[in-house]
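Just the one chain here, laid out as structure tokens, in the form predicted alone.
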């Protein structure tokens, strides 16, 4: 059996998102039914709606930075109760049997089910995301929101936050680490905040002059203009870790010389072939690495939320109504937001 829900959906790569009625499954014994209060707007939402990466299942209801309130729980769901404030991120199920799942990395499971444009492992129904009034999610993929954390600003933590947190943890960023963040957007501004709270020495790489004041407010100790050869030469060999958040094809070769010996540059923003090609010489001569990372597992995401709750870290946001989403997509392509749009789902009723 299914239940009718309301949201906004794209019906093809070239069409705007429009109001959409659709069916969600009736709750299973281990399910949590969530009234969605806020949903962040991620670059992945836009890319999926426009099928930039291929494989989008239409109609698609995007949204995987979901914060809401529990409406009800199944008989076997024990971790939550009606009224709890909860979150749902980029995945809503996995096989639970593979090596990745057993190590808490459900995000790398070959059968990982995305919050939208995916297929339920049990009934085969399509998954629909957070641009909607409610969602039904297996309890083990629901996250507890920390008490006292602003829910509107916390919504982007469910993707932007964990996308930055996971590589920070994997590459052991902490007190004394020399960390650089490339790009000051939805991901980059979270990297500055989290890196600073972890005790790292934080630098922002940017191609745009005039961002220094904002970068320092967000946690940067230093700002380097990557188009300035003198500034880049001054930080040669400086960084243990660089996290590159730029969401489009760009030359990463300019950043590799700024890595220290055994340093790592981690790509988190761009999916696709590198242009120009990566020059392996400085990698080999300096035991440097270029790596990639995507979101994080459920336990790691809860760890990130708890850390943000302790340090009162949220995203800098601009609130929009649901019917403003198409304009928000166009503004996002122009980097015309500081630093994340968040949809007020109460606007669906207006």
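Residue numbers count along the first chain shown, from 1. Since we're looking at a predicted model, the values are computed, not measured.
If you look for the form predicted in complex with a further copy of the same chain, you will not find it shown, but the lines that follow are about it.
Proximity to a further copy of the same chain in the predicted complex, taken as heavy atoms within 4.5 Å, picks out 168-176 from the listed stretches 124-132, 76-84, 168-176, 210-218.
For the candidate set 325, 298, 290, 37, a heavy atom within 4.5 Å of a further copy of the same chain in the predicted complex is found for exactly one residue, namely 290. Contact check for residue 228: every heavy atom lies farther than 4.5 Å from a further copy of the same chain in the predicted complex.
Proximity of residue 70 to a further copy of the same chain in the predicted complex falls outside the 4.5 Å heavy atom cutoff. In the predicted complex, a further copy of the same chain sits within 4.5 Å of a heavy atom of residue 283. Put simply, residue 201 is far from a further copy of the same chain in the predicted complex: not one heavy atom of it is within 4.5 Å. Counting a residue when any of its non-hydrogen atoms is within 4.5 Å of a further copy of the same chain in the predicted complex, there are no hits in 36-65.
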